[in-house]
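Next up is one chain by itself, shown in structure tokens, the form predicted on its own.
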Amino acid sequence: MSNPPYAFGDDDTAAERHRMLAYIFAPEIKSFLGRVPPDPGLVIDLGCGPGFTTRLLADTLNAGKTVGLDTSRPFLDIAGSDSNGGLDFVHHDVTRAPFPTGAADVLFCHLLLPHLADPAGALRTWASQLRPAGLLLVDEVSDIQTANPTFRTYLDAAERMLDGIGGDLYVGRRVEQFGRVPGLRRISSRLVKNPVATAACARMFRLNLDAWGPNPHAALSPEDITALGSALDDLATSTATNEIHWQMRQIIFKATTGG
């Protein structure tokens, strides 16, 4: 089964969305990374996009080498414009082994699995790309809680759109229910609540809405899109801070065999 196309694009607007995501989720990601033994040899950011999370990994884990892998050349061009001796970006489909980097000590997966057609298959592939006792960190959405009607309209449309192309917005629930994954042993799993300020969330959702365009899977008419965009623009100046919460499923797997 082939992977669905990346629904949120890889142009400058999409890159700005990634920048916002990295900023919004940085505290949650750093907390998760705090559970990794220090100074790993090789860390790989799976589906790195324009590299913002990759740099966060490099700054936090102090690895000998940190590499971002992605299939988007526009994103990799952005990421590579600020690489250094300990940081690199490589064009590669992360659902295919072997990786051009060789086996890693740490693989990091953040907000990637919703865009893959076979999440369980991806985990099996990643297991083969870990060094003995290497770690796979999976950080994915399990739920997004909000009573705000504008956010609810957007999220319902996003869920329909991803479902229509074979993805799953709330894939963290599925990963939690996976049985044994060959080559991996689950060593921890926790649910983390991550509140996001209304204005920041509205700006991020607005960028996504622009990237979708008239996507048939979202089941929004042109009039619906215009109205939703206007409502998100209004919320972009809100001072509210407790209207929407991401429930993130953080799972750590350890390799049971070497890559």
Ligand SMILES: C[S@@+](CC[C@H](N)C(=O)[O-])C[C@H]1O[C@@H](n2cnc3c(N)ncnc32)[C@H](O)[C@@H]1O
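In case it trips you up, residue 1 is the first one in the sequence shown, and so on. Keep in mind the model is a prediction, meaning the values are calculated, not measured.
The same protein also has a form predicted together with this ligand, omitted here; what follows describes it.
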item: In the predicted complex, residue 53 touching this ligand (heavy atom, 4.5 Å); value: yes
item: Non-hydrogen atom contact residue 93 with this ligand in the predicted complex at 4.5 angstroms; value: yes
item: Residue 75: touches this ligand in the predicted complex, heavy atom cutoff 4.5 angstroms; value: yes
item: Partner proximity in the predicted complex: residue 186 to this ligand, non-hydrogen atom cutoff 4.5 Å; value: no
item: Selected contact from 112, 171, 137, 161, since only one has a non-hydrogen atom within 4.5 angstroms of this ligand in the predicted complex; value: 112
item: Among 40-48, 186-194, 222-230, 209-217, the region lying within 4.5 Å of this ligand in the predicted complex by heavy atom distance; value: 40-48
item: Those residues of 14-31 which, in the predicted complex, come within 4.5 Å of this ligand by heavy atom; value: 18, 21
